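What follows is one chain in structure tokens, specifically the form predicted alone.
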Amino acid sequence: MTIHVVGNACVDTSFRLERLPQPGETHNALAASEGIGGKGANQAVAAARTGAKMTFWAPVGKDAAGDWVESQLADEIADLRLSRPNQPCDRSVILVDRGGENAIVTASACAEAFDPLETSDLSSVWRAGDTLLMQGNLHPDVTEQCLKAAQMAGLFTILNPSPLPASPLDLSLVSLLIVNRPEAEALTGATDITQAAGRLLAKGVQTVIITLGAAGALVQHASGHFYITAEKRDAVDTSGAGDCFAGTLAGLAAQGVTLADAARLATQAAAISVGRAGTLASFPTRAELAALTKTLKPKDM
């Protein structure tokens, strides 16, 4: 089984601050760093580090930054299917305060113009039984078309719709929906998470996971729900924690780990990431994920 991660990749520039600035303020950063980013790239690397067989489909600008992004991703992902549009590579600026909270601004011209069904051989490469993992960075119409084509081809579809599109997607095309609490509320209007999960199921989603930060996660499907508790850690940088969770869960599930155990280990992986600085740089290594996986009983695999 192959995981096809379809999304974006960019250059992340991160600034660590005492606090996030108010409108009109100028702050001197405590530290700055640059690395690979983009929700698609983040989730693809997290999935690859679980040992899953995966392919990453994304656009990368035809410039020096795009060359660098491609070279860095090649160290993590064996099967890269990157398009190179004739425009600058996408970029994100991430501001992180001492408490780990963040604010992110992204320039995403490459991602917004990317249509893998039209410009790549995605639909001829995937097979029934594979998994499609997508986020919210591509044009909503493209995301929906990919989900529909994948569903018709017999793939298991996972959607982490962040950032949320202006118009709602057809959630009946989604096997597993992963959202955080604010996203669940925005999609349903419900502040109670179990009510929000129920409303998402009513939209046609088979299974819903609502991530709750330090409180863990709620997993709900038609036959019931359960909670995953999170390990207590001091937050250094929360940026990318949701991507770490989604990619790790998808990678483990594709290797036969039960949803409950995949969600539990993904929550532990996300807890590791928030205790470190950076986005992708904070994710657990292959060795750390292998150690987590060894805690599973043989029957859970």
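What you are looking at is a predicted structure, and each value in this text was computed from that prediction instead of being measured. When you see a residue number, it is the position in the sequence shown, counting from 1.
We do not show the form predicted in complex with adenosine-5'-triphosphate, though everything after this point is about it.
Residues of just one listed stretch (27-35, 269-277, 47-55, 61-69) have heavy atoms within 4.5 Å of adenosine-5'-triphosphate in the predicted complex: 269-277.
Mapping the unseen interface onto this chain, Gly213 counts among the residues with a heavy atom inside 4.5 Å of adenosine-5'-triphosphate in the predicted complex. adenosine-5'-triphosphate in the predicted complex is approached by Ala241, whose closest heavy atom lies within 4.5 angstroms of it. Although the partner is absent here, Ala230 is a contact residue: one of its heavy atoms lies within 4.5 angstroms of adenosine-5'-triphosphate in the predicted complex. adenosine-5'-triphosphate is not drawn, but in the predicted complex it has a heavy atom within 4.5 Å of Asn180.
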